[in-house]
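Only one chain is given next, in structure tokens, and it is the form predicted alone.
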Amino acid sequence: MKLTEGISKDEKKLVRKMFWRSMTMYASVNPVTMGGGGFSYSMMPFINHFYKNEEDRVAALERHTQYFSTTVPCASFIMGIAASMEKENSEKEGFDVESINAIKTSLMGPLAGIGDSLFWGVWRVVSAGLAINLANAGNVLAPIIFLIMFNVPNYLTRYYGGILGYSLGSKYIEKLYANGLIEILTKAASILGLIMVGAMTISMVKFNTTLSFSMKGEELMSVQEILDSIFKGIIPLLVTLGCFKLLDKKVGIIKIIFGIVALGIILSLLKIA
């Protein structure tokens, strides 16, 4: 079965445009949306083609500028699926637009795990190892061989991943919608997305207090040990929930970032953390 089976000539052109635009995904990276700006830029050919209404285009662009982060070679697969869902949304009344971001969020974590291990953990090391051996032997082409070895699978994955994502999305999203299973898929994707966010919280938000109580030079109680005995990672969890609450109250993300930096400095000066 060909990957492009069932995809029209115009849609193939759109997938190719998406592939070239995906090179810029992290060109506008920032701590708020990460690759969201580049993702939205890559989706523009589909959005302009599928939506005839300016208001719908604006809504779609806004939808895709939200937070997005995954291994770059795997991103085009998610873009392909998101593009096929945008097509469904443009053609069907009452399509659940929330399902588009739910699917994106649920896929970016697992694909980042696979992509980081495969491309950064394995293939980069293999390519660099071979190139270093060639360089030690005096081969001046070693850097070029490294770039070719690392980037050929990288770009092939990007290109065919986009086609595969769009092809699978076109076939299965429509069937899921016809069978009424899209709501179950959306709910399952939302739950998986929340699990991924929870996993990121425990691995990326760090807080270890050095606060302790002593008597006559002997430490009697370590606050960190007590906190860990109550609930390991309770402070990172509370900090995350606090930030979420502030976002819910429409406090700007930049203000929250500066607030956390200031809090970190103050706690450090007070020798609490």
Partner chain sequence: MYDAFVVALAVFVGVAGHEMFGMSMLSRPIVVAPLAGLLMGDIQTGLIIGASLEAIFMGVVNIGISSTAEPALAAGLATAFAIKMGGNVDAVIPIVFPLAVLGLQLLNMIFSFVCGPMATNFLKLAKEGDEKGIVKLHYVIWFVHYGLYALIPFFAVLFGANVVMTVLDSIPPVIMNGLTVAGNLLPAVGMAMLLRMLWSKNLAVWFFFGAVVMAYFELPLIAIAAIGTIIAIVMAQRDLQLKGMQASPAQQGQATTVSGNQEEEDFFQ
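Take the two forms, superpose them, and find the largest set of C-alpha atoms that agree within 1.5 Å; that set is the rigid core. Note that the structure is predicted; figures quoted are calculated from it, not measured. Residue numbers count along the first chain shown, from 1.
A second form of this protein, the form predicted in complex with its partner chain, is not displayed here; the remarks below concern that form.
**Q** Under a 4.5 angstroms heavy atom criterion, identify the one residue in Leu168, Leu156, Leu118, Ile184 near its partner chain in the predicted complex.
**A** The option sitting close enough to the partner is Ile184.
**Q** Counting only non-hydrogen atoms, choose the one of 75-83, 88-96, 138-146, 160-168 that falls within 4.5 Å of its partner chain in the predicted complex.
**A** Stretch 138-146 is the one.
**Q** Report whether the minimum heavy atom distance between Lys52 and its partner chain in the predicted complex is within 4.5 Å.
**A** Result no; Lys52 lies far from its partner chain in the predicted complex.
**Q** Closest heavy atom of Val205 to its partner chain in the predicted complex, within 4.5 Å or not?
**A** Val205: yes, in contact with its partner chain in the predicted complex.
**Q** Please run the contact check for Glu218 against its partner chain in the predicted complex: heavy atoms, 4.5 angstroms, yes or no?
**A** Judged by the heavy-atom cut-off of 4.5 Å, Glu218 is well away from its partner chain in the predicted complex.
**Q** If we define contact as a non-hydrogen atom of the residue within 4.5 angstroms of the partner, is Gln66 a contact of its partner chain in the predicted complex?
**A** Flag for Gln66 set to yes.
**Q** For a quick check, can you give me the residues of 244-261 that have a heavy atom within 4.5 Å of its partner chain in the predicted complex?
**A** Phe244, Leu247, Asp248, Lys250, Ile253, Ile254, Ile256, Ile257, Phe258, Ile260, Val261 sit within 4.5 Å of the partner.
**Q** Once the core is aligned, does Glu55 move its Cα by at least 2 Å between this form and the one not shown?
**A** For Glu55, whose C-alpha is compared between this form and the one not shown after core superposition, the shift is 2 Å or more.
**Q** Examine Val29 after superposing the rigid core and state whether its CA is displaced by 2 Å or more between this form and the one not shown.
**A** Yes.
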